[in-house]
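Quick heads-up: it's one chain on its own, the form predicted on its own, in structure tokens.
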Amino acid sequence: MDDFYLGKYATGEAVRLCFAYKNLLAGGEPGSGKSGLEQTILAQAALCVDTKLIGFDGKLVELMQWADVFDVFVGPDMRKALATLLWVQRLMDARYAKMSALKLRKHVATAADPFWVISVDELAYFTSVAGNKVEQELFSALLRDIVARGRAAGIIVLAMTQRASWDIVPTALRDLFAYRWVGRCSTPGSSDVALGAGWVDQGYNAMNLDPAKPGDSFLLAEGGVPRRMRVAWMSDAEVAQVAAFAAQLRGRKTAV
């Protein structure tokens, strides 16, 4: 979780981020490179055999290649989604109780008590499409709590959305993410929803990114300013190879 490669900055430097105790929010229209970013991160997380993985995928197609690697996989099933988040919340509370007893400020990951990485592909599906209004609001509240408190407990959230709008990513949620990435957006407002209000006025407008260059994007890392970057890309065949190898490392039986 300490040194993940995401691509290259416009200056040519490698983009490397530590995901231990850090969450990431990614927004961008279809074809902007968001899926490439997600697959690149998951490929490296999957190879960390002392890391547990949970995937939420309302479309079933974005994360399906990792189905044999995920410890929990949630498709278009709101009840399972809520049950999973409630389980994660209980895990988080138990870890905080243990940390308090040991006078620790952060969870120390071990093979027996590892980091958990939660990847939510298309946040909007679970907060505005699936289920009813009560269930959508509960999903949002649980996710916000996990993003807010989970990182110190070793629970990391990767949240992806094509709909970077204030109703999908309210400020109270967005500002909890240490890392924010944005690919091309259709409006300046969507760019600011993903990165943070005011960055468009300072020249960081994802609407101006070249649609012919998927992965061309801005990355805001904790304590810095957005930097132009190009996301690394993996073909479907490469993703399948890494997923099969990761499943084997984890002692999973893969589908024939």
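Numbering starts at 1 and follows the sequence shown. Remember, predicted model here, so these are calculated numbers, not experimental data.
The same protein also has a form predicted together with a small molecule, omitted here; what follows describes it.
Quick one: is Lys59 in contact with the small molecule in the predicted complex, heavy atoms, 4.5 Å cut-off?
Contact with the small molecule, yes.
I'd like to know if Phe245 sits close to the small molecule in the predicted complex, meaning any non-hydrogen atom pair within 4.5 angstroms.
Contact check for Phe245: no, nothing within 4.5 Å of the small molecule in the predicted complex.
Can you work out whether Gln162 and the small molecule are in contact in the predicted complex, taking contact to mean some heavy atom pair no more than 4.5 Å apart?
Output for Gln162 is yes: heavy atoms within 4.5 Å of the small molecule.
Look up in the predicted complex whether Gly198 has a non-hydrogen atom within 4.5 angstroms of the small molecule, and give yes or no.
It does not: once the small molecule is placed as it appears in the predicted complex, Gly198 has no heavy atom within 4.5 Å of it.
Work out which of Ala232, Ala20, Val15, Val239 lies within 4.5 Å of the small molecule in the predicted complex, going by heavy atoms.
Flagged contact: Ala232.
Which one of these stretches, 207 to 215, 185 to 193, 41 to 49, 65 to 73, sits within 4.5 Å of the small molecule in the predicted complex when only heavy atoms are counted?
Going by heavy atoms within 4.5 Å, the stretch is 207 to 215.
Thr127, Glu135 and Ser140 - do all three of these have some heavy atom no more than 4.5 Å from the small molecule in the predicted complex?
No, the whole trio is out of contact, none within 4.5 Å by any heavy atom.
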